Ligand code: S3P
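Just one chain follows, in the form predicted on its own, and it is written as structure tokens.
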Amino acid sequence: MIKKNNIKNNLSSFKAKDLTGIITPPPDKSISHRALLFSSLALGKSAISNMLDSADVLNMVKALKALGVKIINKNNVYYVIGVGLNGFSTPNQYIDCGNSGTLARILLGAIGGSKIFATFSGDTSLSSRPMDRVIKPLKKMGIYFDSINNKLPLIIKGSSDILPIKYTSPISSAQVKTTILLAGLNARGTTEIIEPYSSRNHSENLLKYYGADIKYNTKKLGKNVISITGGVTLKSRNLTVPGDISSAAFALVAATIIPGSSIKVLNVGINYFRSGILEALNLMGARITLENKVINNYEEPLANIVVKYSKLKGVNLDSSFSARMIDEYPILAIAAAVASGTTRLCGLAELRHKESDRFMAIINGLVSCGIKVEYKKDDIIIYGNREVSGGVTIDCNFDHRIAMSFIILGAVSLKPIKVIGCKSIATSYPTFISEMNEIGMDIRIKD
């Protein structure tokens, strides 16, 4: 058995059956990031329970400490002593964002209202990813940047004179929306953001909970408009982070495609703008039920999810799904690979700008495993085949979601699948290997 939190770089996944048991997925990464940052911008002491203990989130902790925020972890509760909206201090070191685009992009807006200098850096993958989507609106608000090609490393200089803007975003992105909202907290007036369609609304829910003057009515269809008025002090809050549906998706798909399986996944956040994976699997014929549904104190719905093995069929998903499940397409593609018939996944341009080029990683990985795949512009067409040959090595290029997805595929392949670059799994799901093995998968260390 591979020990908890001890993920090796090279792993092989062997055929499995009859997954059974109960899984508690790791805490939600998106909410963990935001809870830490918003608590830092509040006045007073906030307590965050069940925060994700992963590399990405711990880099947020380090970044906030470097900016002068006091954060204490006591008995797995993180206490954050907020410094207020413009209370960050100039760090005496680089802000190392590691592999986390969320950390880099939303922290830039939060820093913008403090009159300080900071230099942001990241690993090779993050340094190749575009930052212009947040730099452009933040510059309009009076925040100064110095970078080459709008990528990391970059220097940010905050301002005490943030301008409110009305910004029509060309893409629906929770990171873009959040960083503008956070800069808008210090603007002298009301900032408005218009998205083509609604991205995940964790920031809106949490900012309202922390006392911001924010107005939103998140729509399931059509344009999304959010406004925030600056100058309102955020108040410290206590909160508990729910389970991450993006992480839970791996167990959900595994149980759906591995014969004889029946598992329960506990305390999962099922926010509509994150739960596209559940709808997609239901359309494919998955047997999924929700139990014990509740709404928490910052308006996030939670439930236990029961899933059983199902014979899936292909499905056409239009681009409206992409904002609701962009991180889940790699694992959904695994479900499509073993479904009967053809699956078409549309509007996946954003996959090209993740930790790796996930668009091509999905295609190349499935083809190497014997699955017929085509692509047209930003669509991927997968011709399902219940017999997956496997017997290949997948280089995930240190992309955690690609690694976990092909480990799941190995459990239904005729021959094992070896995945290299698996240490990246620790950025979001440090207990993935041990938990999957505990319910019946066969994942082994392979050097």
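Start at 1 with the first residue shown and count on from there. Every value quoted in this text rests on a predicted model; they were computed, and no experiment measured them.
The protein also exists as the form predicted in complex with the ligand; that form is not presented, and the subsequent description refers to it.
Screening K157, R344, R133, K208 for any heavy atom within 4.5 Å of the ligand in the model of the complex leaves a single hit, R133. A heavy atom within 4.5 Å of the ligand in the model of the complex is found for exactly one of A174, L107, I193, L85: A174.
In the model of the complex, the ligand sits beyond 4.5 Å of every heavy atom of E204. With a 4.5 Å cutoff on heavy atoms, S30 counts as touching the ligand in the model of the complex. Remark: R324 does not count among the residues lining the ligand in the model of the complex, judged by a heavy atom distance of 4.5 Å or less. Proximity of K354 to the ligand in the model of the complex falls within the 4.5 Å heavy atom cutoff. Of the candidate stretches 185 to 193, 90 to 98, 166 to 174, 311 to 319, only 166 to 174 has residues with heavy atoms within 4.5 Å of the ligand in the model of the complex.
Residue R200 is the only one in 189 to 203 with at least one heavy atom within 4.5 Å of the ligand in the model of the complex.
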